[in-house]
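This document starts with one chain, in the form predicted on its own, laid out as structure tokens.
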């Protein structure tokens, strides 16, 4: 794992493989960003001109390497684009710093140490840069021969030293500690998402949660298939019925002794989704190991809350199952009795995420938390609506939906508020059961949200995050986002826990 420290040393005297500086896109060419004054001075004030000669513009994510000036112990300067230069008296946004740091860290794979001399005006800036660097340095190589050091492989950047902060200042120290905890747990979520489904079964995921619980003082309860049957969890059991890998429901509990608020996070954890009897067509199965991204996000967020010692109680529910076709699998037309007692006619076994979530949502509701947030790679319809980088937010309370949206935007996760039109509920009426798991085709993401709403306890604020688009990046890496599992929604959940602990959430 990449180490993160604060330093007050002069850039020229630091032993490192590279010094990272920021460059913005100005009206008349690249502009050297604050934090790099000493480096620019060593180039006789000509760093911007040299970068322009090399073709740099300051565009977001652009990386330009050049020899360090005479007298510097680091051999290379890495200039990373921050995007458009802010207007006068305005600073670079936290997200622009986060993305630039991520791009630089990824470009420095194979290096032992890099000094980051990016703009830092307050502890929040230091935290954003640190978080971006740790997330950008991520790599997943557990299944490659000799790991990162194998053929054509490069180990992640080993150490990041941030300039411009104050190592002895409590606020700066807290910002770096927060960045480290959040980034490390988000990267743990990425590892889970990237792990092949033959290794990450529901039981294996549950075992990982138990190990983390012991390490971080969490109470972990695992409901195996016998406990699920005894408890009447028909949704989770129905989805997992076709697989040789039995389902699990995992409850992780973090309790702060001074907490007076309680949040429940619920994650969809389909460790592999073939579609079941309603088998997915060719070309749609290859990345379905990522269908447990919601559970990974919930798991990471609860552990991060514990590591940060937030004054709030947080319960995470991981609804884990493998959706496979076999002679014992749930069939289209079957009726399942959910944990709530409500019956569901299964019209499509590939609409399985809402079934496991329905059971977990009702279990979470029984504890009467102040709010519930579920996270799921739930519908292709949401990808069609919002694309690959934005998740949708639905809720049973407009103010809570707004609060979740604002929290997501604050931490740099693109999201968009979506409605829950009541007229779409009628499409899920079933002549056989209380409700069907499918409704109108148009607005399918909203229909799924309406289904989940049926399993939320009365009077509890609830939000549903459909992360089907941003959970798994099949394109090239960008900013601090790698190819593969992204850890989408982890930072939003952690921020919601922080706001709740501070009494600032709705």
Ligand code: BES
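Values in this document were obtained by computation on a predicted structure and should not be read as measured data. Residue numbers count along the first chain shown, from 1.
One more form of this protein, predicted together with this ligand, exists but is not displayed; see below.
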Legend entry - Partner-facing stretch of 398 to 406, 72 to 80, 179 to 187, 284 to 292, counted where any non-hydrogen atom is within 4.5 angstroms of this ligand in the model of the complex: 284 to 292
Legend entry - 4.5 Å heavy atom contact, residue 352 and this ligand in the model of the complex: yes
Legend entry - Distance check, residue 36 to this ligand in the model of the complex, heavy atom within 4.5 Å: no
Legend entry - residue 348: touches this ligand in the model of the complex, heavy atom cutoff 4.5 angstroms: yes
Inset, instruction - Decide whether residue 273 counts as a contact residue for this ligand in the model of the complex under a heavy atom distance cut-off of 4.5 Å. - result: yes
Inset, instruction - Answer with one of 167, 153, 380, 421: the residue that has a non-hydrogen atom within 4.5 Å of this ligand in the model of the complex. - result: 380
Inset, instruction - Select from the listed residues 144, 280, 389, 337 the one whose heavy atoms reach within 4.5 Å of this ligand in the model of the complex. - result: 280
Inset, instruction - Let me know which residues along 227 to 255 have a heavy atom within 4.5 Å of this ligand in the model of the complex, or say none if there are none. - result: none
